[in-house]
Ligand code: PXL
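Just one chain follows, in the form predicted on its own, and it is written as structure tokens.
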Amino acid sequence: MRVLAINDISCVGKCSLTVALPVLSACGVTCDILPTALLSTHTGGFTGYTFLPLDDEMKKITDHWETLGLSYDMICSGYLGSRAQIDFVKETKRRFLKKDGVLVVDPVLGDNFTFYKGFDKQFADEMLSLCAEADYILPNETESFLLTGTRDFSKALSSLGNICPHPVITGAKTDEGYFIYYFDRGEQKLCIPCVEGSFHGAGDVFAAAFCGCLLRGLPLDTALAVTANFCYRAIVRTQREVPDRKYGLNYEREILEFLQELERCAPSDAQNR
């Protein structure tokens, strides 16, 4: 199995491609990367960081790949810094995703019910058009609101389900606790353990582990449960062991248990797909 991860590279602060590459590779699949930007650090909690968009280089990279005849079982996209990069992901899907391949979109837009710097409603509308080409989308509770205009998770899920077969709203906080809302032959809801507070890079760990589970043949509900357990353990360890959370999750110490659970749940023929 071969997956292409499209995201930024933040040189300090574990997130984006520096998380996707090791987690997906550990799942037993070949992970290639297409960087959208190069940052000295991620943008959450650091100041004075450098930012270099890589639009021109992305075109050169994919043109070279075409001469190699590369194709992918899955393409997963994360941070995209411009509408042009959103269009580029659509083009990359057409050029490199296998006929029966899967597109997973993490529509990175914001947190705490506000847009990240540089994003706005027009950008969200463009991101929604990319979501319409995806098989799975992974908005957090903020992004589901920015994409649909409602904080009602059932209504947001229904709206997103009209454009994507499998929307997944992560970290949805309700009066009853935290849930993952997802669409799989109708609305489904998975109660998840959660730790209060902000943990940078948690969404990227979730997205990478989830994609790895899908590639190994886990059904959607099992993939979400295994991924949520992994992220929870990593967050608890980070809370206990990492004084400054902006440097990312200490997920590496929990990856063995994640892989063992993945092996127990994966179909016996998944390795041969």
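This is a predicted model, so every value here is computed, not measured. Start at 1 and count along the sequence shown; that's the residue number.
The same protein also exists as the form predicted in complex with the ligand; that form is not shown, yet it is the one meant from here on.
Put simply, Ile169 is far from the ligand in the predicted bound form: not one heavy atom of it is within 4.5 Å.
In the predicted bound form, Leu39 approaches the ligand with a heavy atom inside 4.5 Å. Under a 4.5 angstroms non-hydrogen atom cutoff, the ligand in the predicted bound form has Gly44 among its neighbouring residues.
Put simply, Tyr116 is close to the ligand in the predicted bound form: some heavy atom of it is within 4.5 Å. Site annotation in the predicted bound form: the residue of Val89, Leu146, Val108, Val104 reaching within 4.5 Å of the ligand with a heavy atom is Val108. Comparing 200-208, 66-74, 234-242, 23-31 against the ligand in the predicted bound form, the single stretch with non-hydrogen atoms within 4.5 angstroms of it is 200-208. Residues Asp8, Ser10, Cys15, Ser16 are the members of 1-36 with a non-hydrogen atom no more than 4.5 angstroms from the ligand in the predicted bound form.
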